[in-house]
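Below you'll find only one chain, the form predicted alone, shown as structure tokens.
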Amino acid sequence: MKKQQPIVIAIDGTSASGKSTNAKLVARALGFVYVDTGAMYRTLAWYCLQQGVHVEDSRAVARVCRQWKTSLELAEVDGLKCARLLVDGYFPEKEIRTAATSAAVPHVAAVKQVRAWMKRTQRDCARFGNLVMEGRDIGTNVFPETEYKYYLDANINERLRRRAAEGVHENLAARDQRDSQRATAPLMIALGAKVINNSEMTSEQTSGLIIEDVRKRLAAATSQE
């Protein structure tokens, strides 16, 4: 009997569109493993800073990505199963959320070799079972074959308000431009993705739409077997 492949729910979108919050809600409701791909890029950015590597030096960043000692682990955080990237057995949970790391991430994420390494590593997360994976290129690059693709967005003023509420002031328009014009795996709406503009929606409403859609499609697939 052919082994059934894990289900991957891809949640992509712009910065501050609610990807993390909604991905966690969806994963918790369905009992899937949550994967924050942004945290993986942040981990590399943090590590580069720790090693004194200039993050705008793409060759140096690529070299670090080839050489660093990493592993994946399945952890449970507040009852939520999470796939996490460890460096030398350590997960820098707080360090990757600093302003310095945030500023370094776009440079690191634009490196072609880094994105190739991340794609392989993120696809390897499927060994943990069914996934809810959030990021910027999941449906277009990491798991383009998945049938469960969602793209979240909100108007720029709402996204700025959300960032400010978190105590973060970021030029989101510039970030959007960098992400969408990136040479490798740019931010774009995946073919077949369900687009959700949640400018005037709560997280519960947004995640509810995704959960309902996934359950309906899973039920339909089961009935056809």
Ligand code: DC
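Sequential numbering from 1, following the sequence displayed. Keep in mind that this is a model prediction, so the values were computed, not measured.
Another form, the form predicted together with the named molecule, is not on view; read the next lines as being about it.
Shown alone here, Pro106 lies within 4.5 Å of the named molecule in the predicted bound form, counting heavy atoms only.
The shortest heavy atom separation between Phe32 and the named molecule in the predicted bound form exceeds 4.5 Å. Among residues of the shown chain, Arg115 is one whose heavy atoms approach the named molecule to within 4.5 Å in the predicted bound form. The named molecule is not shown here, but in the predicted bound form it comes within 4.5 Å of a heavy atom of Arg42. For the three residues Lys24, Arg28 and Glu93, a heavy atom within 4.5 Å of the named molecule turns up in the predicted bound form in no case. With the partner omitted here, the stretch from 143-151, 80-88, 130-138, 67-75 that lies within 4.5 Å of the named molecule by heavy atoms in the predicted bound form is 130-138. Shown here without the named molecule, the chain has only Arg97 in 69-97 lying with a heavy atom within 4.5 Å of that partner in the predicted bound form.
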